[in-house]
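Starting off, we have a lone chain in the form predicted alone, written out as C-alpha cells.
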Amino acid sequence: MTTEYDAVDHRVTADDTTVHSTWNNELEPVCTIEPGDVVRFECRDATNGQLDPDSVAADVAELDIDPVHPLTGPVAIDGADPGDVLEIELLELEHRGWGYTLVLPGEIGHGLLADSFPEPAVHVWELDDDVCHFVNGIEVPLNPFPGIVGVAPAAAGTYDTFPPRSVGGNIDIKHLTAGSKLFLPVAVEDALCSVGDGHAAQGDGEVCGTGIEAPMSVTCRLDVRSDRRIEQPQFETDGPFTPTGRDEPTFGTTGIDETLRGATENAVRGMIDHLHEERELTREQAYILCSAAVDLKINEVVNAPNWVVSAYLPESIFPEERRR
C-alpha cells in the first residue's frame, strides 16, 4: 500500500454530499480549486459499498446496479473554459487492502461472454503491497488506477456512467497509474471533474465486466491547459505495459473473425479453455482471471474481411512450478 501524498491542497471525502452516480453538468461542485492544486479524492468501490471482503456469489445476485458507479466530485477548476484541456497528473493511489472481481448474472448482459456465464460469481482478492492474491498460488501484480476520470459533458441532462465519452469517464485505461498524466477536453465552465471506480489491477479488455474493483483514494494535480486543443482523451504514461512492467514469457490465444467483437470473443474463449484444461481453474475462475490479468491486443486489421485479436497470459503470475 502506498503512503499518503503529503502535499495535498484539498481532500474530498466520499459521503452522500460528494458522491454521484450519473454525469450531469448541472451538479453543484463540492469545491472550487485553483489550477495546479492537488486534490485527494476518496472513492468508494464500484458497487457503492454493497460488497465487502466476506461477499459471496449470492450477494452478487442481489446487487442493485443503479448506484454503479459512485463518483466523487465534481470539483470545479477555476478559470477552465470550454475548449481548454484539463491536465490530470496522477500522483498516488492508495487501496484499502482488498478488492473483488465479479461476474454479474448473464441475463444482465454485462461482460464479453455474458451468454456463456449465466450464474453470478465473485473472487475477493487480498491486496498486499505489490500483489493481488488469486487461487492456486496465482499472484497478479498490483498496479492501481482509477477506472473513471472525467469532466462534465456539454449537453444538458443526466447520463449513465457505464459508457466512456469524449470527455472521459469510464475509460478503464490500466496504464493510468501513478506518474501518468491524462488530458481531457473541457466542455463546460470550470470543467467539473469527478473520479471513481478504483482498480487494483486489470487486464486490457476487462472482459468479464470488472477489473479488481477496490475502494481507494486517488491523489492528483489538476491543471488547465489553454495552449492545447483536443477532441478526445489523451495521456502520457510509462506503463506498466505488462503486469510486471517488463517483457516476459507469455502464452497467447488468437481469435479471428469478420468483426472485432467476434475475434475478441474467440481469443478469450480460447484462453478460458486453456486455463480450465491446462491450468486447473474452473471456467468461472478462468473468466475472472482473464479480466484481471490477460491483455487483449489487436494484431491485424488490414487483411479484409477478418480481424485478428490475441489474448496474452503472463507466465509470471503462476507459481514457478506451474509455469510452462
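When you see a residue number, it is the position in the sequence shown, counting from 1. Computed from a prediction, not measured in an experiment: that's the story for all the values here.
Unshown form predicted in complex with another copy of the chain; subsequent notes refer to it.
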property: Heavy atom of residue 298 within 4.5 Å of another copy of the chain in the predicted bound form; result: yes
property: Residue 221: touches another copy of the chain in the predicted bound form, heavy atom cutoff 4.5 angstroms; result: no
property: Residue contact check: residue 48 to another copy of the chain in the predicted bound form, 4.5 Å heavy atom; result: no
property: 4.5 Å heavy atom contact, residue 159 and another copy of the chain in the predicted bound form; result: no
property: 9, 18 and 97 each touching another copy of the chain in the predicted bound form (heavy atom, 4.5 Å); result: no
property: Another copy of the chain in the predicted bound form: contacting segment from 125 to 133, 107 to 115, 89 to 97, 75 to 83, heavy atom within 4.5 Å; result: 107 to 115
property: Neighbours of another copy of the chain in the predicted bound form among 286 to 316 [non-hydrogen atom within 4.5 angstroms]; result: 296, 297, 298, 299, 300, 301, 302, 303, 304, 305, 306, 307, 308, 309, 310, 312
